Structure formats: structure tokens, C-alpha cells
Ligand code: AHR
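First, one chain by itself: the form predicted alone, in C-alpha cells.
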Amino acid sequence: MRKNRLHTGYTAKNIFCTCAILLTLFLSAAAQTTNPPSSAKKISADLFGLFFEDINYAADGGLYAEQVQNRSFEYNPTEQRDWHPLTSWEYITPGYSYGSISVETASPINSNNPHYIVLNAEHIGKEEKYAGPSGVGIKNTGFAGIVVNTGEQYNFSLFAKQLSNTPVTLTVTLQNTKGEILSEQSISTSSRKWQKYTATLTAKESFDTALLVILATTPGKLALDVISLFPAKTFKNRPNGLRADLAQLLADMKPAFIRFPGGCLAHGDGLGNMYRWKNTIGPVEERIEQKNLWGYHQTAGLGYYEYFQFCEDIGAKPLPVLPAAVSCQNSGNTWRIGGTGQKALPLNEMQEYIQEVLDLIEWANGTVTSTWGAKRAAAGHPATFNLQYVGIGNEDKITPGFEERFAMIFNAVKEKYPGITVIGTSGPFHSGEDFDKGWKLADKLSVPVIDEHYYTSPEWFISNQYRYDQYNRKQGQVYLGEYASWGNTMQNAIAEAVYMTGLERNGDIVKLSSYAPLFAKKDYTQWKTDMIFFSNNGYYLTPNYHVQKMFSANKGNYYIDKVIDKNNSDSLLAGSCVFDSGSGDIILKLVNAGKEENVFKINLNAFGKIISKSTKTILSGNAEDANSFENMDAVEPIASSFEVSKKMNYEAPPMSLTVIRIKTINK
């Protein structure tokens, strides 16, 4: 496992060599061309992106950097049967202290956040043999432990309301499992109204399973809520931010876009569980928490503002997906009986819901003088987010109720915001009744982009690599929003690489694509095939991640045919050549999914002058490599210098993806 460090996809022994190569290429190609060959075909510059869904504990306890679990005391048995408002908390009275604790709802910070605790410290004992301070309070175990590192700072905050006449002193500590103090600060209440208090804790030593302890160390009574602990070093040092190492892995991929927040999560487990974007913006203490479709809890701390800001931070276009006013057909645990749980909003509620969709576009793109643009500005972002894409629906069952509501939403967006590209849906499979109905509806309404989803075997991806060659160019374009072969071995990843060359070849009809799911937390996984596995203090990178990164970080905006020649009777061989007009680079992707070495013939005569010194990155291994948590990191790309010429042969290793990046110069 990689612990607390970033992984670039290159081995250490190649870093110096690669940097030297890139410097040489930069200096010699200062006047590079941006013109593709006359035979080039324009393809989507947004072809490769990311899809984030809060599945497998990807958000709370994952990408979202909050260390405190159940910070607002909103857990309940509808999420998991043994959950309650004090889940992950323990009432403690060290030093022979005594008092009481209760969960209350009479006077919350905000009606959206109804539960809080009342702590009554009646008597504070003496420390004596106890290692830490005495008092009456609570202890949080985090998400299976809190990770702290020596010398690093952690931003603590809570909301408190003094209920006694005199101030109450709170001692806040990070402790190891023996009760030894790793960091300590004190806070004194000063108001009989809800007020936020903050402190900075600096860890004296590293510990993977630390505990957060809050003790009243003077007698008194007070209410507490929204108890939070963030590492100071979040991604880009954003408050309420993201876990830096996991966010950096995504930034390294240079995705063209990020689709969020789901997935089935978006349309939810019943109408009352639909993901409503307005509930996820504004101060965190005012956001509405709710059950997660995948069986746990959403704090909404990672909400729409944070999603949009992260997209901006890494240069990716935001692609929010909103429910089509219907719930997931798998609502009510109907996964095995055909998905009969879809419910539709009553038609008399549709105008209000349509306005919710329109308000999102105004929130993202409106001026600071507009109603919702002003709310964005008040949150700290007066500039617009430049929203271009909006997804409506997610692999829904194409019922009459869905069709009617989708059409209402689509037509309203098209009328008010004609510059927004609306993405429709064609159901959960690569073919079948819903797929056909989805495309028929899209054709009827002239929906510009249709979202296709499918998970299947690596053999299917290889045998269907020419799927989009047959698509009608007069219909809508495709967003392959969720796809993966069933597994995380090299065979799975290389089969996906074969298929991705077909996406590039058909980048005129395939506008966007994203592998799914993105994240999975070790020991908390509901879905077996994922791109990045992680724990509290590290991560594993699958071969699938490396393949996705090699394509995404090396995309072009033109496809050039007849550059790569191979044995066309061998379906295990695939290749593509794209041109990036921004850098003037030729990018070759060569895939060998076979068990033997194979030769590709390369002809670069369609281009002008090229620089012979190029970079070559190879991902290769055995078919079953990296099939478990323990050995996923056994496979990673290796970069090196590579001499190229206008005509050359390339011997591709078995079970491999090779990316060759070639600089061009003006003729």
C-alpha cells in the first residue's frame, strides 16, 4: 500500500530520464505546429473524464477529508439497523467524573440539522492515575480510526450553546488507543446561543487509529453539534476540503470532465431519497443529511459547491447528473426482481422540480446579481463555473412516467438555456428493451448526447471494439458514462484498453466516457470492480487506473487513420493515433492483449517534421497480475526515452499497453 505519498505512474528510476527527455523536447520544439494532417478527423476533446459516485464509502470516510464520523448526530436505523444518533461516539467520564448526556431536537442549529447532544457535567474528578484530563464528555472513533501524522496540523471545530449560567471549559485532545495525548487544546464557551468554536491541533506523533476526545473540564451544561476535524493539508488547502492524496490521483489523470454525484445515488432509494442539489450547498450545519442508496450515510459535506470547485481546481468540466423526477427502479431492494421500485413525482409537482433544474444552471452560470448566482457568490465564488453539460436521469427504466417527465425537463432546459448540452439516458445495459426505448426517445426529442452504461466481461470488450464504428452519425452522440470489465486484473485493464482505442477512433460520435466506479474503501465495498482502492492512510492503484490515466493524460482532438498497421485478423491487437493540436504532439496507443509479442508497423508520413526523441510508457504484465488488494501495486507503467522515425516497427510485449508521445515541428 502507498502510505501518505503521491504516485505518478512512473518508477523512481525513470523520473530523471523522463524529465531530461521532456526538457529536450520542449527546447527543440519551441515553434511546434498546431495543424493536423489533412486526413485527420476531428474528435471530442472531452473524450476521457471521470465519474464519481458515493459508493463504497467514496465520499464520507474517503475523498471528503472529514475525520469525524457522525459529526452531527444524524445517523439512524433506516441506514443500518444498529445505527443511532450516537453511533461512533462514546460517552466518557474519566477521572471519576460524573454527569449525563442526551440527544435532543428541541432547539437545533437549523431545522435541516435536527439532532444535537446536551452534555451535563455535574462533577469533575481528579486526574491522578488517569493519563489524560478528567471531565465529562464524548469520544469519536472516526471512520475506523483517525489518522494523524507527526507535526501536522488538524483543524477542529464545533458548535456549542451554553445552557448553564457560567462558561464551560472544553478540553479537546487527540489520543492514541492507550489514552496517551497526541495533541491538546482548550475552548471556553461564551454564548447562550449557538456559536462556532475552533482550535488547531498539532500531532506530537503519528498514529493510524487515533481518537478525538471532547471533555467538559469544568462543571456546567451545554449543547454540542457539528463536531469536526479536518487535516489542514486538504487538496489545495481548501476548507471543508478533500483528502489530498486521493484528490491528487484524480488530478494526475488530467480528466476532461467529472460526472457527479452518481449513479444510482442521484435518483435515490424512493422519491424522498432523490439527491436534491439545493440541500448540499451553503454552510455545512444547514445542509440536509440523508440515507445513502448504498446503505450508509451522506453528510452532504461534499456537496455541489465542493464538486464544482474541485472540477475547477483540476481543470475539468463539471457534469452534474440530476434525477429525471423518478426514483431508481431498484428502490426498495428490488435488485433481483427486475427493478420494479421506480416511482415518479406527481405531475402537479413537476413545475417546481423543473425550476430546481433551471436554478442549478443559474447557480453555476448566473451573474452575481441573479438570485442563485448571488448564492454562489456568497459562498465565495463570484465568477461563474462555466457549466456546459447537465445529465438528466441515470440508467433509468424507460417507462411512460420517465418519458413524460424527461421530456418536460429537457424541453424546459432547451428553451431557457439553449447553450447547455443535456445528456439523456439509455438504461443500464448495452442492449435490450430499455436501451432501445432510450434511444428512440432521444431521437424523438433530438437529445444531443445519450448516456450508455454497461459492465461485462473482458471478452465482450474485445469482441465489441468496433461497436461505435456502426453508429449512425446523424443521431445523438454517446456518453459512455459507466463501463468496466468485471475485474481488476491486467487482463481486464488491457481488454478495456483495446476498447478505448475504439472510443478514440469513434471520437466523432463518442463525445465523453468514464470508467466506473471510481473509488472503493478497503473492507467497505459494495461493488467489486473499481478503479482506486484505498484505506484511511493509503491507496492501491489498479491496472485499470493506469490504463485510464494513460489514455486520459494523452488525449488528442484529432484522429488520424492509416498510421498504425497490424494483423487485422487478430482481435487481441488494437491501436490508435491521435493528434493534440494544443501541443502539436502525435500520440500512439498500441495494445496487445495476447500472450505473445506482436509487431505494429508505424507510418508517420502524414505528418511534417518530427523529433526523433520521444517518450514511451509501457504497462505490461501477466493476465492475472494485480487481482487482490495486496498485489495491485505490483503492476505500474514504466517510462523511458524512445527513438522514432517516419517508418518503424514496434514490438509490443504480451498483455500490454504502450503510449508513445512524439513532438512535431513546423515544416
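Start at 1 with the first residue shown and count on from there. Predicted, not measured: the structure shown is a model, and the values here were computed from it.
One more form of this protein, predicted together with the named molecule, exists but is not displayed; see below.
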Problem set entry | One residue of 308, 235, 410, 294 in contact with the named molecule, assessed in the model of the complex (non-hydrogen atom, 4.5 angstroms) | 294
Exercise. In the model of the complex, which of the listed residues (516, 227, 358, 247) lies with a heavy atom within 4.5 Å of the named molecule?
Worked result: 516
Problem set entry | Region of this chain that lies against the named molecule in the model of the complex, out of 97-105, 263-271, 169-177, 541-549 [heavy atom, 4.5 Å] | 263-271
Exercise. Given that the partner is absent here, does residue 395 sit within 4.5 Å of the named molecule in the model of the complex, heavy atoms only?
Worked result: yes
Problem set entry | Contact flag, residue 161 vs the named molecule in the model of the complex, heavy atom cut 4.5 Å | no
Exercise. If you check in the model of the complex, is residue 482 within 4.5 Å of the named molecule, heavy atoms only?
Worked result: yes
Exercise. Could you tell me if residue 48 has a non-hydrogen atom within 4.5 Å of the named molecule in the model of the complex?
Worked result: no
Exercise. From first to last in sequence, which residues of 441-459 have any non-hydrogen atom within 4.5 angstroms of the named molecule in the model of the complex?
Worked result: 453, 455
